[in-house]
Structures are given as C-alpha cells and as structure tokens.
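This document opens with one chain alone, in structure tokens, the form predicted on its own.
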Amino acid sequence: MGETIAVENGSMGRVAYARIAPNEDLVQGVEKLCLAEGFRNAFVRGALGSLVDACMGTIDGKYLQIPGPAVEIVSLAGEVRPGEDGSLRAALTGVVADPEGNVYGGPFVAGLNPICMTFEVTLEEWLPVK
C-alpha cells in the first residue's frame, strides 16, 4: 500500500483539432502541437490515423516493434506535461492493429512511431490551479 495518489485541481481550457504530417513522430508531434498552441498541460481526447511502423513499450521495460506498412491506431489516450527541465513531454498509450489484424497495446516510444499518411488528433488544454 505504499502507492501515492495525487489529486490535482484545475479546469479545462481550449480545444485544438490538429493534423500531424507524414513521417513525423506521433509522440513528438503531439508535443510540438502543444507548443504551437501554447498548451503547457493537455489531454489527448481523440485521434484517427495510422503509423508507418509502431514501437511500444512492454511491461518488462523492453520494446515491441510492430512492422507496417500502415499500422492502424485503434485507440489513443495520454497527456502532455512539462518535464523537470520545463520542456513538454507527452505520455501516450494506445492500441494498434498491424496489417494482418493482430492487436497490440502499450505506451508509444517517443521517436519510433512515424505517421503514415496523416494523423488527426484532438487535444484539450488542462489548466491546473497553482
């Protein structure tokens, strides 16, 4: 029972509907969108698109490579928060399906999930009470 639970008060802010371009990384693309919109904290509220290939973390700390082309994102959730150095960091998890229909889930590894054609994402700003 040594788990710490933090409750944060705040309110929802603006909503951004945006597109991430082909070959741009999913995780880094979400971070860039937040920077462009001035979101310091945000939640991913929806997404539609596919990846060239996918790379997800596993429970034992390793990586799972899912080859494409066109690995479909079935679901995506996550948040963007400032890191200790102040730079934005996206933590995204989801479910993907490979070209044969096999389904995989887990956290997306930054830098290893290139967008296939286009990717649409909805971000909602979070305004924590200081």
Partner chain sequence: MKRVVTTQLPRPRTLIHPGRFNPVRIQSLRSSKGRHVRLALLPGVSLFDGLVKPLADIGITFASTTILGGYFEGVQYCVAPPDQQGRAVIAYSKPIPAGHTYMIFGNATLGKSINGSPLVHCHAAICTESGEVKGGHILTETCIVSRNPIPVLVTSLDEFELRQAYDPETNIPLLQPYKETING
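These numbers were taken from a predicted model, which means no experiment stands behind them. Numbering follows the first chain given and starts at 1.
Separately, the form predicted in complex with its partner chain exists; it is not shown, and the next lines address it.
Undergrad: Can you tell me whether G78 touches its partner chain? I mean in the predicted bound form, with a 4.5 angstroms heavy atom cut-off.
TA: No - in the predicted bound form, heavy atoms of G78 and its partner chain never come within 4.5 Å of each other.
Undergrad: Residue-level contact is defined here as any heavy atom of the residue lying within 4.5 Å of its partner chain in the predicted bound form; does G10 satisfy this criterion?
TA: Looking in the predicted bound form, residue contacts with its partner chain do not include G10, since no heavy atom lies within 4.5 Å.
Undergrad: Within a 4.5 Å heavy atom cut-off, is G105 in contact with its partner chain in the predicted bound form?
TA: Answer no; every heavy atom of G105 is more than 4.5 Å from its partner chain in the predicted bound form.
Undergrad: With the cut-off set at 4.5 Å between non-hydrogen atoms, does E100 touch its partner chain in the predicted bound form?
TA: Yes, E100 lies within 4.5 Å of its partner chain in the predicted bound form.
Undergrad: Going by its partner chain in the predicted bound form, which residues of 112-130 come within 4.5 Å of it through any heavy atom?
TA: Residues within 4.5 Å: L112, P114, C116, M117, T118, E120, T122, E124.
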